[in-house]
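The chain below stands alone and is given in structure tokens; this is the form predicted alone.
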Amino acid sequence: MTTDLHVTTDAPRPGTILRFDRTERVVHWCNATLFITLMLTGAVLYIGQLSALVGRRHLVEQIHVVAGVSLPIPLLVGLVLRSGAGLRRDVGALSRWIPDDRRWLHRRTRARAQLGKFNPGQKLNATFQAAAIVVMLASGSIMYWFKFFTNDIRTGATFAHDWFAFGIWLTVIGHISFAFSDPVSLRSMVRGVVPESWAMAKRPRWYLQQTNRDTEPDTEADTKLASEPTDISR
């Protein structure tokens, strides 16, 4: 008797298409929890009035440090897991720019853009967050274990840490705002699936790649998109 190990609760219902599998969703929400923890504890440590209101500064500092050191772990673990194939594909998709991404960035040509799984805003956000993790981990380590570094290095680390923290606040708030503006996309990070109609309208290139798995993403799929225009009304 054999068991199909690929049958999971992620199997999409009729009329839907899987956008994020379980591993992708778990990694996303672990990272989100760690980012929010870092933002809130960092605000308490940085703003004197909040620090006085909350108290227990040493405990807040320890939580901040543990969350910071833990930040890369969910992504790294997800990437090496056998179930992380979807996550690895996402990393590739987020780092790869196509001509339609550039069309989307210009209002005049946006309507003609045939997007893949992620839009350019999501790609830019992912790039910044990946860079922020590296910079914040390095600069935060210098600030916490300061006795091993010179004054100049500590000053530079503090400067980078503060400004990247400001950038993280802006991008996270923007990310949350855009997520709530597209409830279907937001629900896909909870339930994993989106309606096929949404995929065809908002992510036609990705939809073709999912429904024609033997096609090459940037060749045959491009030909099909060109010969069979897709409704991309928003």
Partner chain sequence: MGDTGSPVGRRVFLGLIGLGAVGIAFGAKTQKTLETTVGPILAKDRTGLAALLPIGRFRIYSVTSSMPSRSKQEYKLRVRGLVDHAIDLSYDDLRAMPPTHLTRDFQCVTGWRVFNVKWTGVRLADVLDRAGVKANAHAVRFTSFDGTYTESLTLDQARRNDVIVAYGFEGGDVSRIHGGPVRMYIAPMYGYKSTKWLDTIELTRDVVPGYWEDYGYDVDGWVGRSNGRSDTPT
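This structure is a prediction, so every number in the text was calculated from the model and none was measured. Numbering follows the first chain given and starts at 1.
The protein also exists as the form predicted in complex with the partner chain; that form is not presented, and the subsequent description refers to it.
- Per the 4.5 Å heavy atom criterion, the partner chain in the predicted bound form is contacted by stretch 49 to 57, the sole one of 49 to 57, 174 to 182, 33 to 41, 187 to 195.
- The closest non-hydrogen atom of G116 lies within 4.5 Å of the partner chain in the predicted bound form.
- Contact check for T109: no non-hydrogen atom falls within 4.5 Å of the partner chain in the predicted bound form.
- The partner chain in the predicted bound form is approached by T155, whose closest heavy atom lies within 4.5 angstroms of it.
- None of the heavy atoms of V77 is located within 4.5 Å of the partner chain in the predicted bound form.
- Shown here without the partner chain, the chain has G116, K117, T127, F128, A130, A131 in 107 to 133 lying with a heavy atom within 4.5 Å of that partner in the predicted bound form.
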